[in-house]
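Only one chain comes next, encoded as structure tokens, the form predicted alone.
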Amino acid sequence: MATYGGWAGKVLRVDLGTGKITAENTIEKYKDFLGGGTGIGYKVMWDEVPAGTKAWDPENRIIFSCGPLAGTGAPANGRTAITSLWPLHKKELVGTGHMGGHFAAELKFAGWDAIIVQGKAARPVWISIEDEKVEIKDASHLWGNGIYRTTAEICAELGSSAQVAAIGQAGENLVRMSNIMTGNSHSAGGLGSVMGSKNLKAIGVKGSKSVKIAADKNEWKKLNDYILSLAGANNQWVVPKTPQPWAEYSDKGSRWTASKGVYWGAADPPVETGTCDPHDKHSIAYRTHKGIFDFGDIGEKYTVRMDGCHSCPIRCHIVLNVPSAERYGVSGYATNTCIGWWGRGILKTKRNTIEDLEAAVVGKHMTDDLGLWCNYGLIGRTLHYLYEKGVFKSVLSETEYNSIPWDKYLKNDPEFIIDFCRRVAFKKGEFGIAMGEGIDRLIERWKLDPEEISKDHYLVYFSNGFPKHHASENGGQVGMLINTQYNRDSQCHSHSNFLSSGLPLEINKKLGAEIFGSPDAIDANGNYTPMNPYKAKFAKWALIRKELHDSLPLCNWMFPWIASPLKERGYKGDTSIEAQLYSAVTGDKKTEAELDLIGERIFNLHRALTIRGMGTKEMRKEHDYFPEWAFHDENGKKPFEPGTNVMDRDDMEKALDLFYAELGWDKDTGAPTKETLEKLGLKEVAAELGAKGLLP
């Protein structure tokens, strides 16, 4: 058998029901699926979890997997994919949560590519991994505690360099809106209750090994220097927010917020971010001042520094110090980013105010310690929507309704966040139970009107229990198609990273034409043209790259790089970076096209899992829904008028036709054909779907 770099070579399997611990060969079983991330996750789910299994059944698997790039030093390789049946989906179909931090690298340092957990322990346990020494340990002293204490206790036992993935009380109590957390702020949303159902409190890992790289040191350094030369800021913004001496363009929406006179204001002494010329790779970590982007100008004063995941030069995690938040019983120090600050969304605080910062800090500590998830912010919007509609008053008993501190809610008092989080995490009353079930089950439980929910522009509910995630506002039909494909919010940034680079439209069109065959693949945001085949190619490419990133791993919040900040390159990035890194690390030489084919294989396996789980091939009719709000502009504008993201129904049906054709899927059903699956090396998958009558 060939020897490769990158992979540790072993997958750990832990059966909590029998206590049996075994190891499997990564290359033999999973190399065709990149031997990592969602590639391993979907393969295990297909081979081992039959249709009809529920998320909390002992027969369900939960797979923690990284990939060949994890722990290598490649830029932005810190992602861990966690795949299982998705508790929030009404049919509990396959889904994946993703967490950053340092867990993936530490798992590789311990000599493992992935962990497959199955069965159910008879009592609360945690899994201890120190290189080859793997034990199932009693967790009765941890059960009932939050993620912070659990992480501290395990690190005290394994050592401070250990990395921990844990659940809080929400996961223990089988709250569907619960998460798995590492590093006290990097969360994989939606899967906490799967660990809870197995009586698994945490996994702690500490390694002492290195990850071998096939390329020689000079070649590896040259490749990494080249990649860093093309890096932008967070989400690959390649132009700065404000005019800079080096920059031809600027965009006030950019996440490249560094500038002369802009500081990490709470550092001691304060640190100036500076102008950050893109040719200076040593200043990359200063480019993204996320304190300003997430909180407005006031965020500068309270930002201690930027933090991030293993081997990531971008540093998009903000370390804040907001002393006035301590009067609510939490630390004033808090670290998170983007939607990770979702706890403030339980209130309606005004942005760019100290009240908003305090709510963010209180919310971060409550949600991250209890292990609650927000479904990409939908839980907060649902709370506001239902309150304003008077729903709580009608469905709750008078006693329970009056026990909820609505006066604090109306005053934007962070004490309400604390009360809300505890009710949900501990399933307190009808309010706590229902809010933790997710919106689809809440609609059924309280007999809400699903059509009204689907029309609402504030909730922006998409389908299958999740909200939009870079949908029509990012590429029109491209973003909409991407949002139809998963059993949770799409978590895809391949398209939005490029479309929101900050470059002028004519440059984006030129760059896009080189990849998708025509500048017509690219529209200006809010000024969309009718569907065409090039947009279908764009949507397919974006999804395949997402699966590649989730399996290698590379952070899909940064990659792929169609654009770069370099004027001398015509702002061109390099979409072959993934193939270059994979080939250099593993020694298994792959072209960009060859690696994309593996990504397509992984994506099609996800589609096959969804079809098998639903028991129907009718994906077009029963899965790939578009929400009503997408077809109605609040100001009455029509599709294809400037200044609106509203879509046209017939055009979106055409979009599905072209998208399915691009993927080799059947137009009428939206299911992969036998020929397509076999071409992608999924002959056994085609055979099983065929035997079940699930092929078109």
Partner chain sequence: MSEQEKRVIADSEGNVSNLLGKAISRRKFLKGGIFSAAGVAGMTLFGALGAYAATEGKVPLLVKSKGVILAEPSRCVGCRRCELACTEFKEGKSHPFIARIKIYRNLNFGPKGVQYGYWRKEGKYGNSRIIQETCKQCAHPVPCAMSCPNGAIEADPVTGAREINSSKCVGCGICTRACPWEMTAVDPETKKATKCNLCDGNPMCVDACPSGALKYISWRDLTKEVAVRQASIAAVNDSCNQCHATK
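Positions refer to the first chain, counted from 1. All values reported here derive from a predicted model rather than from experimental measurement.
Another form exists, predicted together with its partner chain; not displayed. Remarks below refer to it.
Asker: Out of the stretches listed (425-433, 83-91, 150-158, 464-472), which one is close to its partner chain in the predicted complex, meaning heavy atoms within 4.5 Å?
Answerer: It is 150-158 that comes within 4.5 Å of the partner.
Asker: Its partner chain isn't shown here, but in the predicted complex which of Pro245, Gly390, Pro269, Gly570 has a heavy atom within 4.5 Å of it?
Answerer: It is Pro269 that has a heavy atom within 4.5 Å of the partner.
Asker: Name the residue from Lys217, Lys589, Arg123, Lys411 that puts a heavy atom within 4.5 Å of its partner chain in the predicted complex.
Answerer: That would be Lys217.
Asker: Does Ala110 reach its partner chain in the predicted complex if we count a contact as any heavy atom within 4.5 Å?
Answerer: No, Ala110 stays farther than 4.5 Å from its partner chain in the predicted complex.
Asker: Although the partner isn't part of this model, could you tell me whether Arg445 comes within 4.5 Å of its partner chain in the predicted complex, counting any heavy atom of the residue?
Answerer: No - in the predicted complex, heavy atoms of Arg445 and its partner chain never come within 4.5 Å of each other.
Asker: Given that the partner is absent here, does Asp294 sit within 4.5 Å of its partner chain in the predicted complex, heavy atoms only?
Answerer: The answer is no: Asp294 has no heavy atom within 4.5 Å of its partner chain.
Asker: Tell me, yes or no, whether Cys338 is in contact with its partner chain in the predicted complex, where a contact means a heavy atom of each within 4.5 Å.
Answerer: It does not: once its partner chain is placed as it appears in the predicted complex, Cys338 has no heavy atom within 4.5 Å of it.
Asker: Three residues, Gln485, Leu680 and Lys683; all within 4.5 Å of its partner chain in the predicted complex via heavy atoms?
Answerer: No: no residue has a heavy atom within 4.5 Å of the partner.
Asker: Counting only heavy atoms, which residues in 296-332 are within 4.5 Å of its partner chain in the predicted complex?
Answerer: Going through 296-332 in order - heavy atoms within 4.5 Å of its partner chain in the predicted complex - the hits are Arg305, Met306, Asp307, Gly308, Cys309, His310, Ser311, Cys312, Pro313, Arg315, Val319, Glu326, Ser331.
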